[in-house]
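Below, in structure tokens: the form predicted alone, a single chain.
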């Protein structure tokens, strides 16, 4: 029986990270899950408003929670790390500040209902670990990821602050456990929870290029062939900014950066044209073909 789960895509997964969404839907379908995209969703707000008394920055994420309530559901699935962070932190905020929630509901007076804090924001990695389970994932593998060593990179937004973290803030393991279930070798990357440079990529490419050089350099030192992530901004910075990293650091060596769902789709035996490798700056296909995985 197909399990439909309310799904919030966010803006980037409809544009530059479409390969993340497409492969996530593929791998979810293996376990009879269907993403039921929310009707009339809006941008999450992109970043969480840190000012405690600024309720306006909470309106956009809370309005998306209303979309879930409208369809009579209690949870919302999210893929993008930034969307997850913004939505879950806003939800945590209004649950703790009922007076602010009243103000937000008043601002949204044209909506057909009000929000009561009842929706759970769930990341796909949580669904895979806690509901589907790694044993079931292991059984679905058709092409074990032998011959490659993977570094899991979490960045900031899945783990901070601790109130919304999907795993241990300092020593997360969910992506490492996933890679092992897929039959691959994984390293415990020593910089897996450090920032990639985030929005500095807009005005200070040099900062992000240096971060990219450092993070990928550490992964290479530990023996990784590729790096996986869940954040479209991290993916952009670590993939696209390798061009700038190479200019600033002549000894820099390129490394493929994949979404964890692309690695899952590969292990589950989906055809190459379904894996969404075309938009990557560093094409992972030569490495995967060399290791007999394509």
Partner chain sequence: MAEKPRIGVFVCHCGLNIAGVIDVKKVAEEAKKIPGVVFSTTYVYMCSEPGQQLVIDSIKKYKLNGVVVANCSPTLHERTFRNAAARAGLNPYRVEIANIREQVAWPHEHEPEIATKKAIRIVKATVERVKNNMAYVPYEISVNKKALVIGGGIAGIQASLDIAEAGYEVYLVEKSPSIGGKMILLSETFPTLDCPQCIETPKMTDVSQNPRIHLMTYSEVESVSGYMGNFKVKVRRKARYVDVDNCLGCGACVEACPVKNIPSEVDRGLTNRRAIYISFDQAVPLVPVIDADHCIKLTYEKKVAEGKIKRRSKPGTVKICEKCQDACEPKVINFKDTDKIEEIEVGAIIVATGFDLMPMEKLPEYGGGKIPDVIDALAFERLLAPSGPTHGVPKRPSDGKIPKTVVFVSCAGSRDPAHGVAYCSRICCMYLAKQAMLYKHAVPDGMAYNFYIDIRSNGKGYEEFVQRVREQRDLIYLRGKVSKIFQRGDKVVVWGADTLTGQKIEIEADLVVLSNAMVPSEGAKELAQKLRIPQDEYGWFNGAHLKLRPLETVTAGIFIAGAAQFPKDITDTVSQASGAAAKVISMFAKPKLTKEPLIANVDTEICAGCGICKEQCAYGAITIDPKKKVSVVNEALCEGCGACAAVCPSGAMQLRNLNSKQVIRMVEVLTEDY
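Residue numbers count along the first chain shown, from 1. Nothing here was measured: the structure is a model prediction, and the numbers come from that model.
Below, we refer to the form predicted in complex with its partner chain, which is not included among the displayed structures.
In the model of the complex, residue 135 stays away from its partner chain, with no heavy atom inside 4.5 Å. Using a 4.5 angstroms threshold between heavy atoms, residue 118 stays clear of its partner chain in the model of the complex. Of the heavy atoms in residue 193, some are within 4.5 Å of its partner chain in the model of the complex. Using a 4.5 angstroms limit between non-hydrogen atoms, residue 170 touches its partner chain in the model of the complex. Remark: none of the three candidate residues (277, 283 and 285) comes within 4.5 Å of its partner chain in the model of the complex, counting heavy atoms only. Here the chain stands alone, but in the model of the complex its contact with its partner chain, taken as any heavy atom within 4.5 Å, falls in 217 to 225 among 70 to 78, 217 to 225, 175 to 183, 140 to 148.
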